[in-house]
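Presented as structure tokens, the chain that follows is alone, the form predicted alone.
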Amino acid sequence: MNEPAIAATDLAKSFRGGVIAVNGLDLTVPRGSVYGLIGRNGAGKTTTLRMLMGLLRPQRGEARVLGHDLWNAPRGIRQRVAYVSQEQQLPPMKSTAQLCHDLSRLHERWDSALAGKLAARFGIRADAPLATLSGGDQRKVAVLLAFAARPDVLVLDEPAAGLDPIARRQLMEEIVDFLGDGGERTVLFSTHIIEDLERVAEHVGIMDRGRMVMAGRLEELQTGMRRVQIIFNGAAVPEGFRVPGALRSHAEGPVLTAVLRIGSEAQLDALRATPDTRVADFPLGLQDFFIELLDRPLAETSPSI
């Protein structure tokens, strides 16, 4: 049995004041894959990652990484997982070199050569106190430390936050190298930068209001989503007309516009056969699909593709 690297079932977490951060979330990340998690601000991505990392206790559900609940997992399992939080706090008066020295004594797989290579590639002054580095460079150091631990599972919360386009590209290239250097290494990262996700991710999950509203392989999401317009000959869309499988739809005069998940072209053929109508369909890139999906309340949702 090929157990997933990360698996969450029915996760839920609320905070004071009745704020529901995560509400019945399911998530599966296959071993050896890159999984990109996207959603609007406040969708629950950071809370989800913190529960996966054992930093928050879920109120309901189960979160497992490498088959273990990291809240009480043994040290040997936790050593195989690295996490970079959205607002990573590193000791400001220590240098990158000092941090690498300290961590090398804690991590059995510590790779000093990789740490040095990344410091050079990222343009980090290894002997400079972190307090003297820019916010972007401090972010690079946090990522460097995670990579150098040589984990089996790498979890990154908005890893490109504060990075310039060149540094972002370098980071994405390092993720690809991380996967390709042997073993079944797995990466889960959240991001708002869909271009970065499209560059490296194999699987995508879209969160909204604490739930997973769409998840699947990136290629299938990119090719299987359409914006469809059905233009009726009359003055208005007929009362009660619905597009099967529509994720959302709205009518304006005689035109019904729907965001549709296409399983086969037969779905469009069925729509084109609707009497007294004309049908036009347009492919959607991931960013357009993300905006279309979450810009308005969903008419219907589907958990996977």
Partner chain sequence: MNTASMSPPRSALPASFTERAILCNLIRQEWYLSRGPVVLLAMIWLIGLWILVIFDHPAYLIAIGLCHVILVSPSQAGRDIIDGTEEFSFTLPPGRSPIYLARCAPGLAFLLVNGLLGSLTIAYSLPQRLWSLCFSGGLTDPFAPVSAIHWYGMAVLLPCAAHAVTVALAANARSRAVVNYSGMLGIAAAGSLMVFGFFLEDPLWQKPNGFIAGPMLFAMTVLVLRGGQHFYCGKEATGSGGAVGGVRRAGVLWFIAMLMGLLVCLAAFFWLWRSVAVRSSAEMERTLIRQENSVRQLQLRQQQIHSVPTPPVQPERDNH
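On a predicted model such as this, the values are computed, not experimentally measured, just so you know. Positions refer to the first chain, counted from 1.
One more form of this protein should be noted, the form predicted together with its partner chain, which is absent from this view; the next part is about it.
Novice: Can you tell me which of 196 to 204, 159 to 167, 102 to 110, 227 to 235 lies within 4.5 Å of its partner chain in the predicted bound form, counting heavy atoms only?
Specialist: That would be stretch 102 to 110.
Novice: Taking Arg78, Gln89 and Gly116 as the candidate spot, are all three within 4.5 angstroms of its partner chain in the predicted bound form by heavy atoms?
Specialist: The answer is yes: all three residues contact the partner (heavy atom, 4.5 Å cut-off).
Novice: Within 4.5 Å of its partner chain in the predicted bound form, heavy atoms considered, which of Arg209, Arg185, Arg217, Lys94?
Specialist: Contact residue from the list: Lys94.
Novice: Of the options Ile175, Leu221, Ile124, Val153, which one has a non-hydrogen atom that comes within 4.5 Å of its partner chain in the predicted bound form?
Specialist: Of Ile175, Leu221, Ile124, Val153, the residue with a heavy atom within 4.5 Å of its partner chain in the predicted bound form is Ile124.
Novice: Quick check on Met53: any heavy atom within 4.5 Å of its partner chain in the predicted bound form?
Specialist: Close contact exists here: in the predicted bound form, Met53 approaches its partner chain to within 4.5 Å, heavy atoms only.
Novice: Answer for Leu145 alone: is it within 4.5 Å of its partner chain in the predicted bound form, judged on heavy atom distances?
Specialist: Although its partner chain is absent here, Leu145 would touch it in the predicted bound form, with heavy atoms inside 4.5 Å.
Novice: Counting only non-hydrogen atoms and a 4.5 angstroms cut-off, does Arg57 reach its partner chain in the predicted bound form?
Specialist: Yes - in the predicted bound form, heavy atoms of Arg57 and its partner chain come within 4.5 Å of each other.
Novice: Can Tyr83 be called a contact residue for its partner chain in the predicted bound form at 4.5 Å between heavy atoms?
Specialist: Yes, contact at 4.5 Å.
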